[in-house]
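Okay, so here's just one chain, in structure tokens, the form predicted on its own.
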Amino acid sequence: MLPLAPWLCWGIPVIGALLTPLLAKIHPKVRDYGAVLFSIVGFIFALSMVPDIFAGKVVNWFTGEVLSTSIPYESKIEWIPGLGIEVGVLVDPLSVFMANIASGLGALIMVYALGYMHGDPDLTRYWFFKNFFIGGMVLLVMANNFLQMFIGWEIVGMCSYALIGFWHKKKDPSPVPDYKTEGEYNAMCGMKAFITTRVGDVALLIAILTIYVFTWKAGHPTFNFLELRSEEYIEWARLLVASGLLIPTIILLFGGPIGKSAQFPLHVWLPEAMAGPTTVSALIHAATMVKAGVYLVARVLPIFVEVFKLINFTGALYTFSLIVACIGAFTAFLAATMGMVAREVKKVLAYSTISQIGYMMLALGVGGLIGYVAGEIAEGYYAGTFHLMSHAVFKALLFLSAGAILHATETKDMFEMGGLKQYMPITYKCMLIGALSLAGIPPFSGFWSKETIFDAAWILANEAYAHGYAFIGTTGYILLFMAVITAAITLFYSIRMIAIIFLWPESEYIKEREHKGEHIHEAPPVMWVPLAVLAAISVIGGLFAPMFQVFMFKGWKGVEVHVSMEIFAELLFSPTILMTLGAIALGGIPAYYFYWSHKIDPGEFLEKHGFFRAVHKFFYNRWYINDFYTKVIVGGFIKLSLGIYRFFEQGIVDRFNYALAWVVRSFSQAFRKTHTGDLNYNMIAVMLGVIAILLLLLFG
């Protein structure tokens, strides 16, 4: 790798962010191209670490010096030695993989933004937060300890808040009735994302500090990932078990991923996050930030497996993995149903993101359950991380394609589009590839990654029954069933999205724009070239599955893999392939008749069938979960606050203050009568006082 690559891959974008205001003083183009250059250089440093993982050792590319003969490799600086607090980086397959996803897609999206954001008056602020976000995200995944990881975690949260509400100055009419301007609505969306994710972040912080306190009690205070899983430091886990806090702690730890990765019940912020620029949606809410929660689960899962085995308490692994898998499966299904009925193209993609993140959580949870049953988590771990890579590419492709469409049509509503295939042929082909990959259609990358998840769930069910765990076996089949149904729904809304935007007749809105001379046109090369690159990767990405498997398990004890094309044969001849074909038929056939061929008008169908109209309304209103939060949680909190103000503050505290003031005032008014200002009365009072003192002295 390049010298200091684990440090500079996140340090360079952070430096670029800090220099953005200075570059803006020089010239706007220096600022724009400089911001993009910093992100590209950061990616080059991240990419330089990939050969080291394959080689199984870390080598300085310039000098040839071997920094480490094995993976993982750690570089750290003691910050507060007595407290076990350090600043460090960890080079292992997971960190390098995630660093390349974040910085690579980040750099590509930054190039795209040169065209998409051209002419925006607040570009200095935009470039600052984009580079700062990339740096924070790479810091998060490269950190070798919980504390430093949490710092990166909060940086991306702050940048997300700032970028979602980036257009808070807009004076256009609000798209929702509760706000006057679009800027007010955007500001609310940013705040909603910030507050919702903070709920999970607080839970995560409590878990991190709890683990640290017990490492302190064990005599080895540390936040370090590698030290937490070593036998030398294992006493912290035994103390946690003895206190009864181990399972609550690991559940709280999962609270962070639930919030950051928009999983049920904290999924409600992601659809509103679409208020930001599409480049923000592509980078933060499709390719990188929402993957932070998946990364954290993937980071702690191997630690939990080793630690819980050493302390002979694998029940904690079972509990953690079951919760992760069940929440992931339910979230995947929940969000997919919302995507079926959404009108805005970015909302469809937002629901899709929530759903696909649920798939990744499902896979990692399945991996943990297989580890509980059979002692090895590799199947589910590989499935979750492989789908993460695949999804990062095709979802960035879909969001950037949507950005090109919004840039050309100036509307988010799919039903105000139609007929765009003839105007934007390159965008159509790229978005079609992304949609087919999202839907899991062979041979696109999404098919192979989704198939590995189905296969992992199938393996869990069979392994559990073989080892006598009937409940886990049944759970495995239920998880597989939910994953297959979700895949069918995903194909349905993918076809629906492509058909409405590109194949349906032109809407009245498009016709009116054409009549006014506002012609729809293809995106400029600076925008469609990144689309073409991502589309190509989505087409051939599945072919890298064997190499990716070797990469991800480099340095793992007890897991030996080699590059082999047999992985494709195993998936194609797996029993789950029939379920995949069934899902394609279940989702594809109705989508074809309703939207692609338009043989059945969906509006008329809903008018004739009251049950489906009610289901459509239920899904469109997001299962009323968002309304429940708004009216019961938020509204209830406001009412509770007003009630406390009226009955406690006004009724008790204020009345007590008024009563106390009245007593003091009354006493003052009564006492002031003794002070008439007449010298005779004053002298009489003095004499009476002297007599009283003499009597006390005489008889006292």
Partner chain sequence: MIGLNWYLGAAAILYLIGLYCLATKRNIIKLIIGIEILINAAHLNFIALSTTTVGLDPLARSFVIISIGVGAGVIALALSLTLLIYRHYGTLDVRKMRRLKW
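This is a predicted model, so every value here is computed, not measured. Rigid core: the largest C-alpha set superposing within 1.5 Å between the two forms. Numbering follows the first chain given and starts at 1.
Not pictured, yet referred to below: the form predicted in complex with the partner chain.
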Check your understanding: Is H27 close to the partner chain in the model of the complex, meaning a heavy atom pair under 4.5 Å apart or at it?
Key -> no
Review point. Is there a heavy atom of Q669 lying 4.5 Å or less from a heavy atom of the partner chain in the model of the complex?
Key: yes
**Study point:** 4.5 Å heavy atom contact, H675 and the partner chain in the model of the complex
**Key:** yes
Study note, to complete from the structure: Across 681-698, the residues having a non-hydrogen atom within 4.5 Å of the partner chain in the model of the complex turn out to be M683, I684, V686, M687, V690
Review point. C-alpha of L18: shift of 2 angstroms or more between the shown form and the other one, rigid core aligned?
Key: no
Practice item. Kindly check if the Cα atom of V664 is displaced 2 angstroms or more between the shown form and the other one relative to the superposed rigid core. Key: yes
